[in-house]
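Subsequent text provides structure tokens for two forms of one protein chain, presented individually as structure 1 and structure 2.
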Structure 1
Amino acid sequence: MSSEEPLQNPPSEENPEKKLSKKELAKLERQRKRQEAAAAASAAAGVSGVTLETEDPLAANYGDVPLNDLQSKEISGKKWTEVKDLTNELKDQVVLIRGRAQAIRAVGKKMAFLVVRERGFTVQCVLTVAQDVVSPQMVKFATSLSRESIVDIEGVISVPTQPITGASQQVEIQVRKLYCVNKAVPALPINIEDAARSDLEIEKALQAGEQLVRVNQDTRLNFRVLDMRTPANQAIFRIQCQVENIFRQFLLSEGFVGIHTPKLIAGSSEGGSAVFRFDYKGTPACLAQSPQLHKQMSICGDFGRVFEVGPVFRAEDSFTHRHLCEFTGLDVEMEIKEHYSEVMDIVDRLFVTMFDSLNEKCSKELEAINRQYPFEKLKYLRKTLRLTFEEGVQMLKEAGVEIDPLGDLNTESERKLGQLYWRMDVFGGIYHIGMLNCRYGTEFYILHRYPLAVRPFYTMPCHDNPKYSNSFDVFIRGEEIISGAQRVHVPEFLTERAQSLGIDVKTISTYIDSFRYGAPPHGGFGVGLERVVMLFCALNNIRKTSLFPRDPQRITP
């Protein structure tokens, strides 16, 4: 196996001392490097290097890798193994890994334990002083490493008889070589163990009289580069990637085309409210609040069925657990042949496929999240429950909540109140989950035929009652996650609808004009990627599912 070769580079061919044997040359070279590294380490303020009390014949087996060796000096052809792949099938084999020194523990002067982590997976590495392999100086070097430093380790895989509790992998590495590739500062602002701890663990410890550190959300975000390294966060963002991937693959298999629409918009998208404004070469402009207009234009442009994955910008002052100023929108728009249920059919099959796939392919990731943030698996039906808004009213009535479904929704102020009331208090929240979950055994369902007054001007009214609309919202665990509808595709009627809501038609003329050249009936929906992940995993804050969240109080890091 090639990984048994020395980890350091052999001397270069330009070496003038040609009389020495290759082995001797290699030794000299290694010594030189170690000395250079030690000198560099001592010079670096605040980081103490290895003290060279006595000459160590095993010096070439450990030390700091000089920068020059990391500047793409050589392609050695060595085989690297990932920590996640370290299993007992590799017993007695020599492996080479790169990872972080997550935890370091000395046992006297002759032994040290090192937990090395790579992409959320950990392995226990053991240094034991032994002639010709590990010197006491090497153990000292190991215990002097700062946590989170990047290390290269070569060693032999052993399989302990007892289960290993402090690492994910159930094998140990008996270390032969240990090099530090890049140091972390000795005092980290947050410790990974602290950031990875569940609330339950903290409470249990407290009951046992021990006060453990709890890292709050803001501190996590301030040092996101460290926070990201916890097993739960490694899992959350791998699941996010999978959600997007299933979204794309499902839609591609259904004949959709992925598009990219501009985020730089003249005027304000959807005609108003909280947008980020800026100057575009002397023209007033803003950031797209949604790809709504352009995805509809793409339907008018004959793409038939389109989707987009891209950032969406909202300058709203909402400071809640579920709002961000920038999030990743998953948007869909499609021709409708006859009925907006064609759009709901896509939603239904897309999300059932997605949930199935996540449960099947991401079990390790879901377990990792569950360990820190325990949650119940999402309940959903093979065929997604669809209720009309009116049926919802009836259900509430039966439950003793009497509501006039339209009476209160006529004026602007009441519209907002009504929307809030309907969406959040009545159909959202615990009450709602309880009701539908008990009756139908699902935490994922579609509510459709919303009152027209609470939907945007471009929403198609119902054919049989203009007070309702061909629209729907989708809920996961009682929170609204998707909004969708059939759109008005006739320019004259679109103008009429906009005017009736007091929208200045001039500001949306580009939009309306794009329907003048023949527009097919169509509809679509939008959903936030971060919300899907948050609600699927029952996390309590959308900041946990955004890599670098932006809210009214945060624009860094």
Structure 2
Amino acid sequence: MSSEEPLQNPPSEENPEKKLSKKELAKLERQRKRQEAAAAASAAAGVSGVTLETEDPLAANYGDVPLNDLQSKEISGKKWTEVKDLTNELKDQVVLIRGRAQAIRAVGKKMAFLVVRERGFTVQCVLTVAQDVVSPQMVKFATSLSRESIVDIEGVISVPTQPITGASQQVEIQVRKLYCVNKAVPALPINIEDAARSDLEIEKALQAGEQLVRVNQDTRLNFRVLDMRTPANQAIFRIQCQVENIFRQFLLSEGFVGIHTPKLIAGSSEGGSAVFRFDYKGTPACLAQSPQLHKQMSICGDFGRVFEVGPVFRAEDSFTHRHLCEFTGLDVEMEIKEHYSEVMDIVDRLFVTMFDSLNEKCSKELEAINRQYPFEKLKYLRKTLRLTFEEGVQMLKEAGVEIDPLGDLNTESERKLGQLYWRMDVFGGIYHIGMLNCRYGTEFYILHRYPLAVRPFYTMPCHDNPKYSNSFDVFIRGEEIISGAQRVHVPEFLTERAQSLGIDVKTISTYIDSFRYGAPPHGGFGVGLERVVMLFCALNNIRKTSLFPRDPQRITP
């Protein structure tokens, strides 16, 4: 048979003897394939032998959204409502929402419940078979969805007579349309329900003879994208955002200027060897341990008061609950007119303002955290308590804790000091220690006049005792969050201090030179954003407040 000869085609129904042309044959083949695909889809839906379109006239109201429709084809003008805004006032109104299918439950073949979550808020959606509205196939499609899939739902708001216990919003959506925008895999590495469970729930279940899944810290961090979907984590990072925002707004209101300093520098900014070193175009360099040198240079540049929010890098092999190799630094530097207490005054007002604002504006977030990680609200005073380092040492000594009076406080000593409650009387702004063991009632305080030997090279010594310095640390719940001080602004003395601590002054020559052109007395402080949130919410690990933590053993995800 030559290639020009017609194929032996099946006869048409109209004329059994007539052979089909190539064009007609191709058309017939396409039709056959469509019928096979439709039959397969029908079989999967439990409707054998007919197409879904033929069987279900409501098929257009549900299904998977094809990729082509998700490629920003047009702007429809649809009005979307956020789940958090679904309230009783919207009763009988049609709404369109997008969220995750958090929970799916079938009630027979004619009804299903779908809990949809959007950024920590949840709403119960109900599908009930009704003529010309919801078909049995639509209910079956809903129950076939995998949890955490992204769905679009259109429906009518109703208000049940009984409280809804399985969702945050106290209304229901009577579903009319349901589309799956993106499917999640059927078997998730961790379940959101398990990751959101508190230790208290797990312990109660164990006592009742029930075994619940406990998701450990490493597993959470390995699958951080899933872990951050829990209500507590949604709340933690919203509070973190507020801490940063309050920090900025308060300082701007106090006349500070926001700056951005380089993170690639020629030498150490803190002293010591705990820096990340690398080759910078043939020149040795490192990642900045803090913006310290450059924020001081900005003061020399006549900005007067500056602040920065940015990454800080520390190469210490610290395997603790409160250390990271990279964290977000909140840094401040300012001119001093007479006394370094001016810097502590800023710390005082800043953090009291911050705590007040968080308690007032983040009540829902704090409740969400408290459900998974129970804690008591932070106790603090309207005027922050200040003690000298020597007074702190004396307090510890009377409590039976002996430490080096010219050394630094270790973690154990800091915690012990935080547990000691003293009664203070205020006379003319001076704090006097009262009777031992009288509870004063604060978990936020300042300890100042630290030994000079434990402070960085740029710290100004005390005028009356060179063994101590014009420096301070700030504590929350017995853990240090802030280090601050008056800086040395005299270049000759600064050089002497740097050399005494083994710092190669050549690597910081431009920093020292900036003080040769005239520098005002100044001071400042630095605080870790993650540590503030961790201690304000009484969390037990800083990795809970770092979105993607970097520590000596983790550089992914």
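Please note that residue numbering is based on structure 1, beginning with 1 at the start of its sequence. Basically, rigid core = biggest C-alpha set you can superpose within 1.5 Å across the two forms. If you're wondering where the values come from, they're calculated on a predicted model, not measured in any experiment.
Taken from the form predicted in complex with another copy of the chain, structure 1 is distinct in origin from structure 2. Relative to the superposed core, Gln499 moves its CA by 3.1 Å between the two structures.
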